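Two versions of one and the same chain are coming, encoded as structure tokens; call them structure 1 and structure 2.
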Structure 1
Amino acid sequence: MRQFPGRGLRGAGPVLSAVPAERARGRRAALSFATIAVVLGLPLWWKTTETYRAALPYADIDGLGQQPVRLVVPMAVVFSPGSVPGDLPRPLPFRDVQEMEISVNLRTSVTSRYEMRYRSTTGQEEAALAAATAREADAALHPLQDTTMGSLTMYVVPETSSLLPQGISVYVGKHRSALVRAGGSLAALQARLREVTQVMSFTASSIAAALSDRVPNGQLSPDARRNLKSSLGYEITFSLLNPDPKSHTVDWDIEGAVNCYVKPVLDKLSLVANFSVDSQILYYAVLGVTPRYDKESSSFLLSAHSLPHVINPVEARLGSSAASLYPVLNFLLYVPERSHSPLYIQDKDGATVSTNAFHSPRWGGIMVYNVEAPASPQASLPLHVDVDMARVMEVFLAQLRLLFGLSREEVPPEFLLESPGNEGLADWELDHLLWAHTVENIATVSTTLTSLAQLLDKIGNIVIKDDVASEVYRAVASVQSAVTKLSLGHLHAAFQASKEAVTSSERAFFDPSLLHLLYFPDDQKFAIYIPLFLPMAVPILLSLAKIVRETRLRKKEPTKMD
């Protein structure tokens, strides 16, 4: 048989040449897959899974807590004829400034600045001061004076003036002015003016109470923490408690009383916050404390030490604060059951409280309303009771003033304060609230934004949306505006800016998107994506490893020389 050796070699040539080409094509495919995965896949995956975090003004937020606050009070001192002290430093009119540092802590600086303008009375003011009584003079002077919120006007009258009653050196009216006796010298007058300004504007204790969260423990009196905290709104609930409806049918005209007595006060307080009022009647609601029977007076007594135990059982029946967004002020009218009538409240000294009522700081007040016993023991039950709402509302409004820190008990004895009438509070008392609440709002916003910034800086996988960032920027700008307005003496504008800052900071802090549980930590994220990417990455990595290995083998093979 003849053999053709060359034919076998010619047939194997194409097969042998196809193997390197196939390997080269595989290497190119593996490199292409790896390049696409690294260059396109990884950045796309990283971008689509990254946490979006809008920029926040961290430096500005950190500076809010150290920003000095200056409370500027524009004040006019008007001298009537015969009241100008002889030791004035220069002729009228002239200006003077008095500053005082209010110590809070090492980081918080509050300065009070009284910008005083001394001048003489005009012809119209002299005619108004010629009135028979201080009340008539105050009413006549009101249209002639500066009514800007936070400003004060002091009218100095001669020491022997009959306009003020005997023994009274200062008369404080319903608006933003006061009548002050001259006092003989400028030093005596200035000392008296300092007392008046502390009554009509703010004191170091009232500012420290507004900043109670920043005052070190032990440096603040217990009474300073009794006032209501500043809030955008308050809910007032009037409750009638009738524990014995079989013996008493109680009728109270709460709607008419609210419209007559409470509404004028809340209309004036509407500048401070929003108020809502509701009422309810609770039957078979007892105080939870058994009163002690006193044989001498044939009555039942509630001692002062038992009063704190009265609130908790009653509060469980109220149910008003459970679904409320704002602080709830509870005013309870309690008609004692027939078996515990009459019921009286004692103070710490054992004396009977004249109003038969007590109040709890930051909660509300309770008044016991006793029903007169029937003349005949055989009187039919239940007895019909008509509540004297004028007497009840007088007590409740006094308690409302105490809750807001508007007490007139700390006034010097030589001061005479005009009653605010149906409005419930004078204009300067409203300013007193605005000063304290503005400072408190600034401190609250600073604390809220600082806490939010620390939280977001600590937890890096929380999304910071653009609307949250805009609220934070708006809150910072509003706080800075409030501080600037205070330094210019614009109390109303400063308070409005502080309210806007509180609203924006609370919206940012309580935004539903700022929940850590909505987002996976990085370790959980990789635990989710590794089972997805690993089956795809293993073949690519093995192919790359094979390419590297073959490349090394080719470099080690000796070069064939002809």
Structure 2
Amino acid sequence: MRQFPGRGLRGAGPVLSAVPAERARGRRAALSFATIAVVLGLPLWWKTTETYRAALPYADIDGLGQQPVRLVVPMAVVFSPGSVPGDLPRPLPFRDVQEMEISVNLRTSVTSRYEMRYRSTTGQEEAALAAATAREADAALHPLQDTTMGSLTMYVVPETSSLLPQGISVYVGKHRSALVRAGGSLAALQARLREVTQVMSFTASSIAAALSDRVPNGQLSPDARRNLKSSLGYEITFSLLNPDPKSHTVDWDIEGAVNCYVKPVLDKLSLVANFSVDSQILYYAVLGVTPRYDKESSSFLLSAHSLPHVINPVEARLGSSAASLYPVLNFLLYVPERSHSPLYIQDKDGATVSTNAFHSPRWGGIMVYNVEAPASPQASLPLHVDVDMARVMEVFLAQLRLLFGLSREEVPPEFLLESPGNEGLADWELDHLLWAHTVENIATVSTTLTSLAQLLDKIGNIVIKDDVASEVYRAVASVQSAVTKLSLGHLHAAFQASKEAVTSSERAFFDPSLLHLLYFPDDQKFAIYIPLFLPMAVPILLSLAKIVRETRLRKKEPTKMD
């Protein structure tokens, strides 16, 4: 063809010359077909078959992960007369800022910032500090303090003050204040103050524990995984397990014990989450492990390594809380069968545990309550047992504190912590919990939103309704406001915002409308469209190809003529 271009043209010559207009019309028709198909058909098809996807703030969600979180603790350091260190840089009052970086991992950075206000005592405070004991001073000072959540007040008392007992340099009160013995130089005092503030607000490890899901495995101690995840509510269930109702009739005054011991703590904690408490008695509920008989002490022993197997068979009987979605905290009191008592728990070293109890991280605790054998073997069965609730609740409350990360163990020896008394929980302990939960909530929301965004990005079939989108917007706005409020030192407002963010993000993530069109695979779509699209597209494409070929040929023709 290429060798004889002229001949082809000449051969077709008469035809071409005969119907040039006809050929041009055909070409125009083919072109208009193609145009209509592209301009009208394709958009129409696209519009009628697309899934509705509301716009989401992808950029903001991406930014959440990198957003630096700054925890600001407003703090007042009050010097009583005679305790002012000699090397103060400026005369009182003055302000100072201390920053500390808490590195969790590469992406998340948490900065803690203590905004300290140094001043000397007012007359009222001086009068209050003149009290005989630290406890009285603490009570007298309470009405004079800044009581916003998260703020701290440190009263520096002279080195020789008799307020603090011998050997104690820090007294942490019931509220948000502490008495600190002056330590000579300012640097020594500041070191001591840093320790106190960490006890009373947060430590690097408590923040890391709150962010434990984002920390690579292995970096954390097992203790960090013990704390309960932050949630909007918790259900606390006390269960009395009586595997042998034939021999023991066990009674417990759980109602009185809950009102007396648990309720004060929960009233205080109600700021953090909703709590509901209930109790049940389960009969014929046995542990999954047969205890070993120890001849020396003529008792039965549960060794530490068998404890993980104890819970599972019991848990089947506990009954989940069908009526709510909050995590359940289980506290079990196990009265061993007559043939297996007394029963003791052995720790890893083989010594029996004094409380006869153990706890399971993020789940709850179990306590074994042994029934004293009757004096005479002929005593009639069943044996009536009244549970000593004070003993039991002491253990359960300690476990409850432990599960919330409020253990009072890791405190330096020269610290004296005031007992919270009837309230069950000191104000600063509540703050401690709020700091950790706020940080955890922010992290949870950013993880939830990021994975939601990734999921929606990856699967194009998911419908995003307007209400889902608005929940996402609300979550982003709330989490941003939580971060801002943290950096302003408004702990309570930040916590409330982070709670709202969690609610909104969970609602968006678990919205059932996301799943409606999830299963609509591409091969089915093609199977439906091909019978229509293929026969329509092939003639259009072929005639377009022909037109292109002819145009190219005609362009070449003039050069041949030359």
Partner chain sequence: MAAALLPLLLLLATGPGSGRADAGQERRDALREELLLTPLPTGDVAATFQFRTRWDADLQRGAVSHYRLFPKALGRLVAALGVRELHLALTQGFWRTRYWGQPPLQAPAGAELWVWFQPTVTDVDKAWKELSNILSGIFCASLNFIDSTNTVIPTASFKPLGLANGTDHHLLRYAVLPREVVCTENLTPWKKLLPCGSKAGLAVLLKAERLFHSSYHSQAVHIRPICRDASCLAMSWELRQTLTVVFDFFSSGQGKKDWSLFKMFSRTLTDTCPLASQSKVYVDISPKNKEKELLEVSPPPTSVHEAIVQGDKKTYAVYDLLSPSLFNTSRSLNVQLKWKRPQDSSEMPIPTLHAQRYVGGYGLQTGEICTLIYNTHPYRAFPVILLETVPWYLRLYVHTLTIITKGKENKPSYIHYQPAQDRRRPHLLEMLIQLPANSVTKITIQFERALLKWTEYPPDPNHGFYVGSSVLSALVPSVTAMKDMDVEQSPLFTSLFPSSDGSSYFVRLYTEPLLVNLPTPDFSMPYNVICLTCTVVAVCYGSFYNLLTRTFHVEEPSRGGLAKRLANVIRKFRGVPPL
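Keep in mind that this is a model prediction, so the values were computed, not measured. Residue indices: 1-based, along structure 1. Under this definition, the rigid core comprises the largest set of C-alpha atoms superposing within 1.5 Å between the forms.
Taken from the form predicted in complex with the partner chain is structure 2; the remaining one is not.
After superposition on the rigid core, the Cα of Leu534 moves by 2 Å or more between the two structures. Comparing the forms between the two structures, the C-alpha position of Asp294 differs by 2 angstroms or more, with the core used for superposition.
With the core held fixed, the Cα of Ser32 is displaced between the two structures by 2 Å or more. On rigid-core superposition between the two structures, the C-alpha of Leu42 is found to move 7.8 angstrom.
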